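Quick heads-up: the C-alpha cells below are two forms of one chain, split into structure 1 and structure 2.
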Structure 1
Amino acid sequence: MSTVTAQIMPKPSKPWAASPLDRAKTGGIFLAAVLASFAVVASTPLKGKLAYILVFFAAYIMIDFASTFIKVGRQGAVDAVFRAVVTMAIAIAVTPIISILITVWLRGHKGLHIGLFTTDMRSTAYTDPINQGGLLHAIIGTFLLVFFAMIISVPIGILTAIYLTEIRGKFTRPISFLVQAMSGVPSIVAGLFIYAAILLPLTKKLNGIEGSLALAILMIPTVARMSEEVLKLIPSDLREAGVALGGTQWRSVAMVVVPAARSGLITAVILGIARVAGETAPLLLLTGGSGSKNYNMFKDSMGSLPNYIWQCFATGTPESITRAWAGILVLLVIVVVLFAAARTLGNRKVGKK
C-alpha cells in the first residue's frame, strides 16, 4: 500500500516587502535623525516644535541619502530622497488632522456627563456648572434640519445626476456648469438667499424649515456630483441589456442602472449629510438657536449643534467654553461616523449586493 506524501507549497515571496534588515536600517536612520534634531536645536538659535520637525526631516533625508548612496549608488540614493520627501508630505498632511482630533478630545471630554444627552438648556444658563443642562435640543434640532434637507436635496441631486449621465439633453452642459459652480458657494450665501427670498417677504419669523432649505442648497451639488460619478461607473452593457429586453430608457434606468449603483448612491447621500451637518452660518441667520426642544420645523426657533457651539463660545466663561468643546466633540463624532459609513459603502463594488 503506497502512501501519498503531501507536498507543502512554498510561501510566495514578496520582493517589495521590507526585510528585517531594512526595518532595522530605517529605525537606525530615524533614531539618528531624532538625535541630530535635538543636537542642532540645542546648539543653534533655532527653537520650538517647528524647528525640531524641520531639522529632523532634513537630517533624515541627508542620512538616508548617504547610507543608500554607499550601499547601492546614486540612483538608489535619489530614489531614497524622493521617498523621504513623499513621506514628509504625508506627515504634514496628517499631522493637522491628528492634532485636531487630540485637541478636541482633550478639551471636549471634560464637558461630557450623563445628562448631556438627556437634558436641554431651557432652564440652564451657559455659565452654570458643567453637570447642569445638556445638548439634547441641539442634537434633535440638527437631526431634523439635516433630515428635511435630505428629503429636499436627495431626489433633486440624484435626478440631476441621472439627467447628466443618462438623458444627456441639451441642458446638460449648463446644468453641469451650475452644479460645479454651486459646489463652491459659501454657506453664508445660501443662508442670505433664503433670508432674502423667504424669511423677509413671506414668513418674517425664524424656524427650522428655513435652515433646512439653506442646507439643501449646499447639499444638492455634493449629492449630484457624487451620484454622477457613481452612475458613470455602471457598464453600458447593463443599459443595453435593459433596452434589448424591451424596456424603455426610463424603465432601464429605474430598474437596472439605479439598483446597480445603489451602494454608491447611498455613499453620495451620506457624504452630502456630512457636508452640511456642521454648517453654522445659515443656521445662525435662519433658525434662531433655541435652548429648548422643538419638534415643529415650521414654528418657532430651533437649536442645533453648530448654533449651540457658537453661543457657548460667545458667552466666553470657562464653563461655557467647556460646553462648546463638548459640543464640538459630539459633532465631530457624528461626522466621523458618517464618513466612516461612506467609506465602508464606497469600498464595495458598484452593483454588488
Structure 2
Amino acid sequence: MSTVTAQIMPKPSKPWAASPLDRAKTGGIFLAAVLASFAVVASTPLKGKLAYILVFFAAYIMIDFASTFIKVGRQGAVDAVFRAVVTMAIAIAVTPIISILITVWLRGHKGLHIGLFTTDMRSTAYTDPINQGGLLHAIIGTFLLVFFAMIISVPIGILTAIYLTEIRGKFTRPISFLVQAMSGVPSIVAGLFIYAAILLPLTKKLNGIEGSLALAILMIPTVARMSEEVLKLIPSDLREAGVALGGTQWRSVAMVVVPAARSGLITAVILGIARVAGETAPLLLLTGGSGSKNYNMFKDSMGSLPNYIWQCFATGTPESITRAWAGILVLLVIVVVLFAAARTLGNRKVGKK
C-alpha cells in the first residue's frame, strides 16, 4: 500500500530552476566565449591578460545576448546581459582577495623559519640573510599594544552600546551619530591627536602606551557599533522579566542582558582587535620601532608587526622585502584566525549559553 502512495506522490517540480539543457547551454556559451577570446588574441595585435579577459567578456555578452534574443526576445536578452555584468562585478571584487592571499603565501613562506618566533632583531640588520633574526619582539609588541588598547576601549565601547540600547536617554541620537562619525576618523589623525595631547606636552618620548591609546580610539567605534547590534537582538522579554522579578535596571542588565549577549560581545571585541592589529600609521608616529624585546609599555620605543613590515619594506633590499612579506604572512594569519573566531562565535544563536 505504502509503495503505491510513494509512486503517486509527484516529484516536486521547480520550474524556475535551470534544467540540464539550460546548464549545457550556459556551459556552451562560456566555452565558445573562451575559444573566441583565444582566437581573437591570437589573430590580432591585442595581447596580455587584460585582452583575454576583455575579449572573453565581450564575446560572452554577445553570444548570450544573441541566443537569448532569438529564444525570448529583447527583454530577456537585456536581463541575460545584466546577469553577466553583475557576475563579472563579483568576479572582479573577489579577484584581489584571492590574489592577495596567494601573493602573501608565495612571497612570505620563503621567509618563514622557526627562528622567526624565538629570536628578535637586536643583533640583526634587515639586510642580513633571512634565516637570521626574527619577529619575536614584533609579535610581543603587537600583542601588548593591542592588549592595552583592548583594556581601554572595550569598557568604553560596551558602555556606549549599553547606553544606546538600555538607557536610551536624551543623548541617544547624538551619541549614536558621533560613534558613527568616530568610525571614520583617519588613523593618522588619531596618531596626531595622541602626539599633540600626550607626547608633546607630557612624555616627549616614544613609548608603547601612546600607540595603545591611538589604537583604542580606532577600536572604540567598532566595538560600540557591533555591541549595539548584538544588544539590540536580545529580546525585550528578558529585560522585562528581570524587572518583573524585582530587579533593578542595573541588575537586569548585568545579570540578564549582558550574559545573554556574551558571545556576541566577544565577537565585537575580536572584530575590534582585527581592525587595529594591522594599523600602521599611528604606530609609526608614536611607538617607533626597536629591534629588541620591550615589555615595558611606558618606557622606550616598542616594535610591532606593522612597524617591522614597514621598516623592512622601506629598506628595500631583496632580503628585507622577503622579511616584510614573512611579517605580513604572520600578521595576516593572526587577522584571519581572529576573523574566523569572530565568525564562529557570531554564528551561534544569541541568547544561548
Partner chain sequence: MSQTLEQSATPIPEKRELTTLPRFSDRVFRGVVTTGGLSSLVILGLILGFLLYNGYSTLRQQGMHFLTGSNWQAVISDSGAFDVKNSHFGLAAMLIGTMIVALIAIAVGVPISVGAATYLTFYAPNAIKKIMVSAIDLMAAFPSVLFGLWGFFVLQPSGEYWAKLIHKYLGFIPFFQLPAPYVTRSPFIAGLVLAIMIIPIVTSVSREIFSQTPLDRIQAAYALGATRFAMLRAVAFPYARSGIVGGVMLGLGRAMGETVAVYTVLNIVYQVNWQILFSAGGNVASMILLKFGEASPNEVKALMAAGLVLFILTLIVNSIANLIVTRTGKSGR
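For the two forms, the rigid core is made up of the largest set of C-alpha atoms that agree within 1.5 Å on superposition. Quantities reported herein were computed from a predicted structural model and do not represent experimental measurements. Reference numbering: structure 1, starting with residue 1.
*Asks:* Do you think the form predicted alone is shown as structure 1, or as structure 2?
*Replies:* Comparing the pair, one sees that structure 1 is the form predicted alone and the remaining one is not.
*Asks:* So the chain behaves as two rigid parts; what rotation angle in ° separates the smaller part's two orientations between structures 1 and 2?
*Replies:* The answer is a rotation of 14 degrees for the smaller part.
*Asks:* Using the rigid core as the frame, report the C-alpha movement of Leu35 between structures 1 and 2, one decimal, in Å.
*Replies:* Residue shift at the C-alpha: 2.7 Å.
*Asks:* When the rigid core is overlaid, by how much has the CA of Gly73 moved between structures 1 and 2, in Å to one decimal?
*Replies:* Value for Gly73 between structures 1 and 2: 9.1 Å of C-alpha shift.
*Asks:* Check the Cα of Phe57 between structures 1 and 2 on a core superposition and give its shift in Å.
*Replies:* A shift of 4.2 Å.
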